[in-house]
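Presented below, as structure tokens, is a lone chain in the form predicted alone.
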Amino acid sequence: MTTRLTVDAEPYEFTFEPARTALLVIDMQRDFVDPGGFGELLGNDVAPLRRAVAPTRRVLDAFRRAGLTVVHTREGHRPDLSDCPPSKRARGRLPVGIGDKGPMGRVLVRGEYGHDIVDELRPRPSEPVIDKPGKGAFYATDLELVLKDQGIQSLVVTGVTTEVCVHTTVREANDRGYECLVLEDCVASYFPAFQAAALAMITAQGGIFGWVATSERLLKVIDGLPAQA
């Protein structure tokens, strides 16, 4: 018998099959989330992003206990920057930009310390990690192949930043037919106004891009699933 669960969400309840649902943890990388990373070099306060780590960890633990699919993403580029458009490198006229040496190694370069995911959310060997060169997790990656291989139809979305990589990925997923539940306390922006606006855009017009709920509401139903060995 197919198990279906329902979460109290906005603009209305979100119903999903756990076996066909993946937790997507977007770009929870040191360069964005930790002090001394690229985000802070840009002049941002990383505290709002740090606040998303603990609730994301609780959701991650719940998915793991239930044996559900988990996928992580990282934004970054090849060491030779051959997959980084010149326009992206030039954007912002930054003193320390993509490919430059920063406190955590070369900024947003694969294999560098800052490019990797924070320790609290470190992927398990069995959890796919999608390295992406752009904002969206579907662009120039094999994410869709990974999801199709697992029979995934719904995504529980966490990560940073809400208005950039999270939003772009949710829009991409929506166009591909995936149902997305965004957890408002597990996504974050450096800018409070952007956080509020981005979440409102998702649920507007009857959920034009998806649903929004708190992690607590999701955990109430996920925690009822039997634990997997």
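So that there is no doubt, residue numbering starts at 1 and follows the sequence shown. None of these values were measured; they are calculated from a predicted model.
Beyond what is shown, the protein has a form predicted together with a small molecule; the following relates to that form.
Colleague: Which residue, V59, C165, A52, L199, is the contact with the small molecule in the predicted complex, using a 4.5 Å heavy atom cutoff?
Modeller: Looking at V59, C165, A52, L199 one by one, just C165 meets the 4.5 Å heavy-atom criterion.
Colleague: Of these, A204, A193, A47, L42, which has a heavy atom no more than 4.5 Å from the small molecule in the predicted complex?
Modeller: The option sitting close enough to the partner is L42.
Colleague: So which stretch, 154 to 162, 121 to 129, 78 to 86, 99 to 107, is the one near the small molecule in the predicted complex (non-hydrogen atoms, 4.5 Å)?
Modeller: Contact criterion met by 154 to 162 only.
Colleague: Each of F32, F38 and K135 having a non-hydrogen atom within 4.5 Å of the small molecule in the predicted complex: is that the case here?
Modeller: Yes: F32, F38 and K135 each sit within 4.5 Å of the small molecule in the predicted complex.
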